[in-house]
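There is one chain below, alone, in structure tokens, taken in the form predicted alone.
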Amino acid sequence: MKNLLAVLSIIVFVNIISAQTNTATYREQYRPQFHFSPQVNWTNDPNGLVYYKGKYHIFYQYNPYENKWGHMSWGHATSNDLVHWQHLPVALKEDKGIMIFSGSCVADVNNTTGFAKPGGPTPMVAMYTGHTETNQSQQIAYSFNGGNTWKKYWHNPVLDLQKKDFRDPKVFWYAPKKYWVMAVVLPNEHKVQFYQSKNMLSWVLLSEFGPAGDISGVWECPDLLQVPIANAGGRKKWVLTMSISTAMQYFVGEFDGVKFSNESLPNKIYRPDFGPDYYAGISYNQLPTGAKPVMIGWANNWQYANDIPTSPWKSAMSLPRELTLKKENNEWLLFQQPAANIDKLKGDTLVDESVLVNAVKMYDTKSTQLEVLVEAQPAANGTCGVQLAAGNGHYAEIGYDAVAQKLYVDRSHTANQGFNKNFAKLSRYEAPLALKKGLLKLHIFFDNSIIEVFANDGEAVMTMQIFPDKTDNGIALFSNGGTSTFSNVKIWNMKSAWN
């Protein structure tokens, strides 16, 4: 009888997924066309980003059963270029009351785990947080076929502090000491712990970092990675990131295989993204030698995530971002740019001009799927920028306040804000940003319901969601408080990655 019930449950599960998959067209209103989203159902944190045998893998928090948070498992997709994705079966499923929370993935090329037989295939190893209502512990699973099927380790958990909150392991190989390093958080204590292991099966505490910086909410989803310094002949620094309830922060310093030493200013909070909708960003493991590190985040916000008006899917990922560091005014700053392959989707040029603007200049683009490049000299005492999803009195604004020297995004004038009271409350976000030789450079990607802004070559980045009416599809330049010189305005259509 037990076996019969197991078979029946599998059949029901497959039928549910099959039925739901058939409802996804990738042409739904608000569906991102060049940001990754699952075919159906809920997703949140990206997990297990790893490059293996020419493929970029993305695993992600996923509910296989419905379009809201719950039954956390790992969804799975692969890509050859970080742009076009192939969906694969659910990788790690909730089982025996244990949800599969966030974590990371590596290819164990030296078989340190001993999972592979002599001469056998390389195991991919996923380390994740096993979650119950009373305990979070670190557990592992492994795959011998490139992540298509998985087996959970028979002696899980591999690290258990008997704590309710202890999660989100990021694992990488630290070559100088020939061991694995794991960064994992004690969320309520605002600490990142670092552990080492020769085999990923037993772990020894090395050190702790924190509390530091932003401690306004629980810490989650840590990452520790090396990032190249721009124009420094291959030199690198270590960057430690984590998420705080609805935002992220980073620290720059050194890691000696035991402890992280912070070199960021102690009285300043550094954000990789200043907008409302970027969270749980983590970087790819085991990228090819010489490749810039790439990070992907969740393009949503816990304050309203369950209620955004999308179906049959809910939530998407940010664009993959390439990372570099620069030292300016004696402080380390993280610069981010969209991964270069996004250019594959660049379509027709809709606008290419220079123009003076005093008030508003409207373009009749009739699109909510755009790439926009603007270089401007703002009016000295005013604000200027770009309005997207413009029409019928609606628009989302990306602007610059020349007096305050701040970049801002503002969605308070967009349509369809009533699905959750917090969405309207969280409408305007700002980032400090100085002009470069008197100029502002905005590189904007608008993907139906997601806007990502890369300002001054990625010195400040902002991500926000909007849900415009179908006829809110214009774009405008604006300048208030004087005339702004837009010396370079280019607008392109963006093609779909899902064709």
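Residue indices: 1-based, along the sequence shown. The model shown is predicted, which means the values in this text are computed figures rather than measured ones.
Keep in mind the form predicted in complex with a small molecule is missing from the figure; the text below concerns it.
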| message | Check Glu94 for me: does it contact the small molecule in the predicted complex (non-hydrogen atoms, 4.5 angstroms)? | response | no
| request: Please run the contact check for Ala396 against the small molecule in the predicted complex: heavy atoms, 4.5 angstroms, yes or no? | output: no
| message | Is it the case that Cys221, even though its partner is missing from this view, gets within 4.5 Å of the small molecule in the predicted complex, heavy atoms only? | response | yes
| said: So in the predicted complex, is the small molecule close enough to Gln138 to count as touching (4.5 Å, heavy atoms)? | reply: no
| query | Which one, Arg167, Arg321, Lys170, His76, lies within 4.5 Å of the small molecule in the predicted complex by heavy atoms? | reply | Arg167
| Which of these residues, Trp302, Tyr174, Tyr363, Phe419, gets a heavy atom within 4.5 Å of the small molecule in the predicted complex? | Trp302
| note | In contact with the small molecule in the predicted complex (heavy atoms, 4.5 Å), from 470-478, 451-459, 437-445, 40-48, is stretch 40-48
